[in-house]
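Below you'll find only one chain, the form predicted alone, shown as structure tokens.
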Amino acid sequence: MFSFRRQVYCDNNATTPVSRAVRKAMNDVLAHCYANPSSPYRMAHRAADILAGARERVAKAINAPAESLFFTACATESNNTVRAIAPLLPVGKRAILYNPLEHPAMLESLFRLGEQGFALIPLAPDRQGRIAPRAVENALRDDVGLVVCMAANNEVGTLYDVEGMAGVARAHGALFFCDMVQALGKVPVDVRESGVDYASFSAHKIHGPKGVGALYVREGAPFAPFMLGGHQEEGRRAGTEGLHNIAGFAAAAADVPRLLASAAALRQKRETFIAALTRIAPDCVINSPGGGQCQPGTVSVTLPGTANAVVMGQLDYYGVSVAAGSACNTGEDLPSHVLTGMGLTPEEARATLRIAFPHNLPEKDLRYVIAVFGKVLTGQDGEVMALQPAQLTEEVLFAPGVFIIDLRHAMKPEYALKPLPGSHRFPFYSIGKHLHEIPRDRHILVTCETGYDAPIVAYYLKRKGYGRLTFLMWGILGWKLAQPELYARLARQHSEEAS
């Protein structure tokens, strides 16, 4: 089984591989239709035809009138339009009822509105992220003018009764904004049947290109453009349309029926994986709801006593790509707001993984993923050592033959935490370009700020043939907390040497 490593991509909620049909559609536009769709001459007429045809194809995938849909740069932009829509609410209807498990693109937009005087009322999801329409009805007040709830959660896969919620909102005179990014291609999406007023979409979640999204606006719903400075998209979104990306989105949308046809088989494979995982790790906790209440291919699992970054690194070594349930690589060690919003503790969130299977997952790949999880979770993968912060003494730090890697992010040049003395700084995202600087005849200790990046790179180096590898658990932050006096003295020493 492990004489060779397969590559099984299980992070399809983050993005999906671009399909062959999408690549062809995009290449055709890039090669033969580079004119601006807004220009008056004949070449531009063809570009305008492609744009109109793409709009119809994407609209068909969500059962919307073509004129109710316009293209954006991404779903993040589509969600940010709530900041332009909310000021159009009547003066006495400036409260917003929302799902606190929304994507940050929506949450941060809402928080900005809160700073501008809008009242924000969070709903209360249960332990698996569910919110019933009755909960929306009970939380509605006379001053609520907008209800915001996603169709499917990106971290745990929970599906929401959008039609029921939108119906409740409409009965109370409130508008409904729905992030449908994670639903399209996984469950049937019908914006007219669901009764939503606004819905956001993204191409790269359905095997389309990155850099293009869409926003549905129900006819008659109040709307103001978020992007200003041009007449494009009938005045609803300024900026020259990225026609090649839009053509790719249309090609991906045309394939949605095929994606939906595979949902039942994928759901069964998901259940097979969960059953196997609970046999391998009986104390694991499945955070995703079961059956039809969850996306067909998403599993959120908490593995008590583990660090998700370590397990990710181990799985990645064997070619299995998954995501963590924690955003601790921000440098602030913050757990996932989705998981803590569902009631998990920060420690449980940092022990949580998200597996998002592809719609066309082969049986042999599923068996391989289960086997890899078995090897990793039963302790059979012990070739890379984990060093606890309390074990990082001066003797270890200054032992001869130790090469210390300090991982940093280029976009964050200033760090509150000082590196270990004698360490060598390397960029996390491009460390592969620096392998010639890392000796193969020394014991390598990999560190980072919060412990998220170090195990991933340690297992990457293992895959590249490095032999003696150790990573610092919980990073320099953990070491500072475990040994504050030693950190203070050595950090000062490092600063003096640097100056």
Ligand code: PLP
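Residue positions are given as counts along the sequence shown, with the first one as 1. Small disclaimer: the values here were computed from a predicted structure and weren't measured.
We do not show the form predicted in complex with ligand PLP, though everything after this point is about it.
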| item | value |
| --- | --- |
| In the predicted bound form, segment of 423 to 431, 259 to 267, 199 to 207, 359 to 367 with a heavy atom within 4.5 Å of ligand PLP | 199 to 207 |
| Contact flag, residue 287 vs ligand PLP in the predicted bound form, heavy atom cut 4.5 Å | no |
| Non-hydrogen atom contact residue 75 with ligand PLP in the predicted bound form at 4.5 angstroms | yes |
| Contact of residue 302 with ligand PLP in the predicted bound form (heavy atom, 4.5 Å) | no |
| Contact label in the predicted bound form: residue 79 to ligand PLP, heavy atom within 4.5 Å | yes |
| Heavy atom within 4.5 Å of ligand PLP in the predicted bound form - the one residue of 182, 308, 99, 298 that qualifies | 182 |
| Heavy atom within 4.5 Å of ligand PLP in the predicted bound form - the one residue of 409, 418, 103, 130 that qualifies | 103 |
| In the predicted bound form: members of 272 to 301 within 4.5 Å of ligand PLP, any heavy atom | none |
